[in-house]
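First, one chain by itself: the form predicted alone, in structure tokens.
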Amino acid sequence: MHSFGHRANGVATFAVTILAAMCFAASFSDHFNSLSPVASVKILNTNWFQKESHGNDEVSMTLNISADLSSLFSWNTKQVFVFIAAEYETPQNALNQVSLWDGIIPSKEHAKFLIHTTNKYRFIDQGSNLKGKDFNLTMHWHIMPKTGKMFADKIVMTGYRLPEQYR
């Protein structure tokens, strides 16, 4: 006859195996969720565009950020981390990314929003590369599930241009 320890070990192993299988099934079921987020960012004003004392360009902008990210939420979504980045090219780097705003969306009820704000983080380029520069605003998101691996994606919004002169 098996001892109590052997029986407890068998039951615990079986329970952990079933739990792991349920977590895998839950995570796999998220792949059937169709994602169709919508976002737009409008630059209402360039508050200032100046050269810092160190020689770097700095920009402050007023933004209108509107998004409907409710399709990113399923029963397995814990929260969604969202950020807006300005992306542009310079002679030194093929891709420069500067985070302008970020937020955490805790639930589907908060996934539709319209925010009127200035850039939360400083838009600074190391050098004098921003005069008349074309750039994209990209909304990135990271879906943090209750179980399973994180998923990240983005929406790229093109057609933005910085002023030709400092203000």
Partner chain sequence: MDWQGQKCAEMLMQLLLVVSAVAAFLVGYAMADFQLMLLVYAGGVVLTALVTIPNWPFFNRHPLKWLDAAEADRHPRPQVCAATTAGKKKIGKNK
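Positions refer to the first chain, counted from 1. A quick note: this is a predicted structure, and the numbers were derived from the prediction, not measured.
Just so it is clear, the following notes concern the form predicted in complex with the partner chain, a form of the same protein that is not shown.
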Margin query: Does any part of residue 29 reach within 4.5 Å of the partner chain in the model of the complex? Heavy atoms only, please.
Written below: yes
Next item on the list: May I ask you to state whether residue 149 is within 4.5 Å of the partner chain in the model of the complex, using heavy atom distances?
Entry: no
Note to self: So in the model of the complex, is the partner chain close enough to residue 156 to count as touching (4.5 Å, heavy atoms)?
What the structure shows: no
Notebook entry, point to check: residue 2 near the partner chain in the model of the complex, any heavy atom under 4.5 Å?
Noted result: yes
Check: Candidate spot 107, 113 and 161, all three in 4.5 Å heavy atom range of the partner chain in the model of the complex?
Finding: no
Check: For 19-48: residues with a non-hydrogen atom within 4.5 angstroms of the partner chain in the model of the complex?
Finding: 19, 22, 25, 26, 29
